[in-house]
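Given next, in structure tokens, is a single chain: the form predicted on its own.
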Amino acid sequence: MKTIILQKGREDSLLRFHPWVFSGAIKTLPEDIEDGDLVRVASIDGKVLGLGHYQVGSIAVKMLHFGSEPVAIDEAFYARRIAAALVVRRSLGLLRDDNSAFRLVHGEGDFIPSLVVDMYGHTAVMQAHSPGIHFDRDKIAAALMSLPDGLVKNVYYKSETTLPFKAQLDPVNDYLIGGEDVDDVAIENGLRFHIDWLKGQKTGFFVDQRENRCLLESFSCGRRVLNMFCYTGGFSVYAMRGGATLVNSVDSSAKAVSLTDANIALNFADDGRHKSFAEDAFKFLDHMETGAYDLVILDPPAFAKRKSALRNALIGYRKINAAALAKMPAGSVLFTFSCSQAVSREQFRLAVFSAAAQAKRRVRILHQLSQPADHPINIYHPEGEYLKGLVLWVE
């Protein structure tokens, strides 16, 4: 196994179990090292600090194991880590007759950096975010199939858009295991959703908003609801069950709007309260009648996927929130989110504060929201906190 040597004094983060080694901390790289190689990481005095996958870029190694004792990164290793992740999900009560959609593995939060696995019924949708995980995909698929009670019957690999472009891996989205007679309907808290893991965004559904959708449902009774950036209509379906008098869903993607309509029909067939629009969010808000909605959801895609885009992202969050707040009547409620890891909780809150000031509205924070427990944050890896949201009462 190849060994990477760190600069003097740069081992401290690994001794604190932070799972990333940055390129600037490295003193010596083996000449023949390649993207995805499993490597030892050692201090300048030769002490082995752990094992991880090497990749070209600012984050040079993602650690799988800490310590000097030898460990095989094989199917059994992944099976142990995934089984431990399943124990957590069972303890959270996520495996129920009325709930079959949840995140089984959340990267660093479950001590397998760069691996995401979402469960939809008996189908595990796997995403790799590093070359090393990509090369280990068959081991991971076998580990998933080894879970008890026949939990996993199909493993779908979906990494065309998540692997580093410079790695030139050209992955193909396809079933690694199974794929025959697959049911594409999953259940979340008693509501049914078509999951498009073949061509949809992420793994096909935003499971990280499950608890926030439940909260929205409790606010929906008797309200006129606008769900911006609706994607597959998760918030819209919950608002319908919550007793909203009207629900409008907006997304720039006609395919997303079609999925929203299908999910509304799946749960509320022939219910005239819902209408969808394939339109740009900013244009919709600009043309929207003042006072038309008294419950608004703003859940845009990540405005900043890297630190270099932070300034423009904060401007975007300020603009979209100001546009909505300016049109909302007194006594209305705004659910607003950022899923950009590069945007801190404090920066997002300041952007929304600036939007409220720009719109000349008094607002009160009712709830401060985050990702759910099946998207855990490794305490040694605070960068794992990415989803943040606010529920605002608008005067």
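Not measured: the values here are computed from a predicted model. We number the residues from 1 along the sequence you see.
What follows is about the form predicted in complex with a small molecule, which we do not show.
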Closest heavy atom of N263 to the small molecule in the predicted bound form, within 4.5 Å or not?
no
Can you check whether L176 is within 4.5 Å of the small molecule in the predicted bound form, heavy atom basis?
no
Partner proximity in the predicted bound form: P171 to the small molecule, non-hydrogen atom cutoff 4.5 Å
no
Residue-level contact is defined here as any heavy atom of the residue lying within 4.5 Å of the small molecule in the predicted bound form; does Y317 satisfy this criterion?
no
Checking Q201, N267, S100, S146 against the small molecule in the predicted bound form, the residue with a non-hydrogen atom inside 4.5 angstroms turns out to be Q201
Please pick, from D294, D110, E217, D251, the one residue with any non-hydrogen atom lying within 4.5 angstroms of the small molecule in the predicted bound form.
D251
Is it the case that W20, L49 and S114 all touch the small molecule in the predicted bound form, with a non-hydrogen atom of each within 4.5 angstroms?
no
Given the stretches 70 to 78, 127 to 135, 251 to 259, 238 to 246, which is the single one in contact with the small molecule in the predicted bound form, using a heavy atom cutoff of 4.5 Å?
251 to 259
